[in-house]
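Quick heads-up: it's one chain on its own, the form predicted on its own, in structure tokens.
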């Protein structure tokens, strides 16, 4: 026994701890110390990292569907080294899975499941499934898009379990709706139940490992003590795991956080974490009526065989079982690798997935920008996007308005993805676009011919090879309806993205209700931005042709609107409001010009089809939220555009939009929103038209 200090003797006399540690350090390592014994310790070390970082995250995390995203955002952005802690926890789960797989393979190859280590084997399997359960339950905790939709997929799979599936799903979800109950239940499993199972199994696993010793049958003549040789190897392995994790976290800049969960959206490209990707792809290998084979039968059979392995080893020839066990584990890993690769390749070639992923990235960046600029709303992170004109407002505008109107020159774009099969390409005519001046391959010409309609009139083609990773071909033209069509494909990929832009037939709504908009209208009403595309509203153009107002006087009219008309106040009649201009000395200069040039058509109180023969809307309160809201909901009202024939009027949206929706649309029109970050704005400005709607991928059988 080594010499001990008086302090060590004092501690040992009262606790026995020093003697116990000394005994552990002197335990023999049969077969000698070496790297082959480090996997279990490295796995325990990785789990310890998860435990410590998880406890640190718990100090700031809020398990609530309203505030979970915000608390995780706080950890990432505000908490000192929070992004490192969360990053270690996030990527640490991958390290645990990898080390588990390596340890499992080593255990089977060395036949360490045999007697007397049967219980050690079973405890190891229990730990493995508990760790996978940790990874699964931790997915939802940020309450972001990725976790929300991945959890829905996972719980739906659990629901397909025969007999107990629906009940298990209901217990996990906490009802029929995914919400606070779901989050708190998975949180309880993640931080309480599953860690307890792992700790208990780990203690039992470690105690049995000490009882039976390490498997050193390959070098029975050599024996070392645990300290210092094996301890050095183990600490070096744990240090290597930590160093790799830190490197990944720094390289990735943390774990990342998607936009807050939006249960109303269904277009998020949900994919599980990489270690569940094989199971996800396995599910896709079967039709809906046989998918239980992929979700339950195959995984269940593999798990059953693993648990029965020690028993099978006693019932059948050991060499046969060992060979079968090795074939099984390598077959499972090989099959998992194949399925993962297939899933990744499928996504790489799936244009709809790529577009949805780009949109999800934009939403993620926008949510982060809004949270950074305005903080988090007390009602929850979900309101970040719901109250953002550039997110929610633009979606509403795209869905309801941009098939006729434009916004900042952008119109509605119908996006389709053509995914031709080999038979489709063989049947396509490559000569249709062979004379466009670009040396295109036969496969590219066939893909374009398949994707574009026969009535497509090609105008311009470009081939961009500036990106060393891919060459992009873009073909522009028009269809028979005169709509602008653009087809894009990347050489080497099979799909073609076809964008069809709507034809603008109404005014550009960017800046509507502002001084700039009305000043531009007064200057050039025949511009496509205003009424140039709306022949039923040609009165302004006729007025402009006869008007003698100078630019300074037009400025005065626009200033008058900004100071007196747009700041409309509810409850004040037009007549009462107009009293303030009775005294000529108090009249705004623009008021006189307006009354002389505009009031002949636009009345304050009446206007429109009131029997006066005047064909123009009432402008009292023009540009105010109230006026614009009425214009959206009931444009055919008597005092607005009711003087037009029904087929000439803009359709009304009364009852179709909530007040919150109307508010974000009106704020969008007026430009009352946080601008995109410079880099995002630059990338968003690249396309000439907004990507408005993505149709389901074109199916080709």
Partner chain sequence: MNRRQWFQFGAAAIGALIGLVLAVPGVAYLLSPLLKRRTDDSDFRTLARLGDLVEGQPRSFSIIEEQRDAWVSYPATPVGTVWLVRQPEGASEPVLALSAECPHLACKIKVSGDGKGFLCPCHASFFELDGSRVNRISPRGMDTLEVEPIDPNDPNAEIRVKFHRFRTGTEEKIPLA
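Numbering follows the first chain given and starts at 1. Predicted model, so just to flag it, every value in this text is computed and none were measured.
Although not depicted, the form predicted together with the partner chain is the subject of the following passage.
Although the partner is absent here, residue 316 lies well away from the partner chain in the model of the complex, with no heavy atom inside 4.5 Å. Taking the partner from the other structure, the partner chain in the model of the complex has no heavy atom within 4.5 Å of any heavy atom of residue 284. Heavy atoms of residue 71 reach within 4.5 Å of the partner chain in the model of the complex, making it an interface residue.
The closest non-hydrogen atom of residue 164 lies beyond 4.5 Å of the partner chain in the model of the complex. The candidate site formed by 49, 67 and 378 is fully in contact with the partner chain in the model of the complex, as each residue has a non-hydrogen atom within 4.5 angstroms of it. Only one of 246, 168, 303, 345 lies close to the partner chain in the model of the complex, with a heavy atom inside 4.5 Å, and it is 246.
Contact with the partner chain in the model of the complex, defined as a heavy atom within 4.5 Å, holds for exactly one of 533, 235, 298, 332, namely 235.
Contact annotation: the partner chain lies within 4.5 Å of heavy atoms from the stretch 84-92 in the model of the complex, the single such stretch among 506-514, 131-139, 186-194, 84-92.
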